[in-house]
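Below you will find one chain, with nothing else, as structure tokens; this is the form predicted alone, and questions on how it binds or moves follow later.
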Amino acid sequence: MTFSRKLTLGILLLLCLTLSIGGAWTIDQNLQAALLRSQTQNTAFHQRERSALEQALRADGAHSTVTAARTIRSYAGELQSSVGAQSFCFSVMDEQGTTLYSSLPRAVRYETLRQAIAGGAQSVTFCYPGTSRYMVLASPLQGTMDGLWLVSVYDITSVYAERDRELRQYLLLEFTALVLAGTAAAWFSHRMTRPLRALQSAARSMADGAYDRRVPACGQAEFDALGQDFNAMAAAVESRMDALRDESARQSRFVAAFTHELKTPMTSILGYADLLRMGEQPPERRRQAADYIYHESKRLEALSRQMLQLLGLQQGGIALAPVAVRLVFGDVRRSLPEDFPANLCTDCDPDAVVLADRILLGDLVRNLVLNAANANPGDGAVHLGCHRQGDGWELTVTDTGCGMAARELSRITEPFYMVDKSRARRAGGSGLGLSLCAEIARAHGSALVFESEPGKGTTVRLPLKEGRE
């Protein structure tokens, strides 16, 4: 069952209980008031007739049962001729239960009369034979003969008939009110739960892949707040899904590029190995084939080593410690090959200490220096510096080489991306160097900043946090 239907039924149930309890209490109060008025009126009439009957008994000097019965019948005849037979019904009985006179309806049982006498002059007894309703009053007669009781019976069926009429009228009114209230409640609950249905529809759309689905404002504070939270969640999910799609696309490109990078050296290795298997070759041809196999095998070794290092940085963090930058620069200078094609010029503040991993930071700087040297710097030098920047230090690697166009700068840290593939391959590059540098910088809580202009050179900046030795 939907929430709107539950809300409608809840409102109707509450209204039905309220109207039913209120109506029952009101009708009962009206009945009690009508009975009280009838009792007051009937008691007054009963007392008046009791006094008149007592006077008649005293006037006739009724000292015996026979005399008293004759006087009572005479009084009843006079009363009937004056007020009507149906207006006042009574019975006279003695304490032993002997009836001297009775004009009561047959429906009123003898036990009821005895009960009324036993209750005394101040009690009221009710009798409900069939569909009729009677009020019974009893009082002792103070005449010439002791032990006589006047028992009067009054028809109060009209009082209960009025109660039944009010009950039917109220039930009709309650039914009409419930129909109107149910219609209003259904409309109100349907309108009030419209934002929930919008949320449900949006959630289903998101489950089907429509991550750009949003919920509009409805003008209700609570639902608007819920809608804003939902939209924020949807935006976060959409952003995450976009990131996952981008990551999936990058991984696809990475696998394709990696496969391509493996294909080239493997083709060369297989080709020259097959040449050697074909039979005896001239010494110069054998040496050339062995050189190609060795060179391409070294490329594969370097590629696998860089791949493992790159994956390790992406999967886990590193421990940072205070490191003197001059020591890192010294490590880089000593690690450069003997045939390094440029001069390495360093300008480092002797007090520069950064939070870093010495080995990884050295690898990063070495890769940047090798890339700068391969750019054919116009002055034949690679400039390596470290200077104060705010609360930390900034490492810079600058060359005056060929430079890069602005459109290339956003992609140079992608795995296997090369601006000049032929030049990079001649230098033994695999396209993973700058990707590895970017991951090392990210592991240090920083990022590489590239500044380049074609024909004028490139500057790479790396901000680092200050450390204390």
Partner chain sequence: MKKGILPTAAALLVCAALLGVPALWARLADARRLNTVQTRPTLTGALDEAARAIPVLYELHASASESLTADERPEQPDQDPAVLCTDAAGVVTALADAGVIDAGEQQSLDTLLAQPPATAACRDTGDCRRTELWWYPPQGDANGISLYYSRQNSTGALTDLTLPVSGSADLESRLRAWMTLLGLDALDDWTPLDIRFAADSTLALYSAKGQATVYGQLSGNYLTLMLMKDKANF
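Nothing here was measured: the structure is a model prediction, and the numbers come from that model. Positions refer to the first chain, counted from 1.
Keep in mind that the form predicted together with its partner chain is missing from the display, and what follows is about it.
Quiz item: Any chance Leu137 has a heavy atom within 4.5 Å of its partner chain in the predicted complex?
Solution: Flag for Leu137 set to yes.
message = Can you work out whether Gln200 and its partner chain are in contact in the predicted complex, taking contact to mean some heavy atom pair no more than 4.5 Å apart?
response = Gln200 lies outside the contact set for its partner chain.
Original post:
Applying a 4.5 Å heavy atom distance criterion, does Gln122 contact its partner chain in the predicted complex?
Top reply: Although its partner chain is absent here, Gln122 would touch it in the predicted complex, with heavy atoms inside 4.5 Å.
Report yes if any heavy atom of Glu414 sits within 4.5 Å of a heavy atom of its partner chain in the predicted complex; otherwise report no.
No.
Using a 4.5 Å heavy atom cut-off, which of 401-409, 438-446, 65-73, 26-34 contacts its partner chain in the predicted complex?
Looking at the other structure, the answer is 26-34.
| Which of the residues spanning 166-195 lie within 4.5 Å of its partner chain in the predicted complex, based on heavy atoms? | Heavy-atom contacts within 4.5 Å come from Leu167, Tyr170, Leu171, Glu174, Phe175, Leu178.
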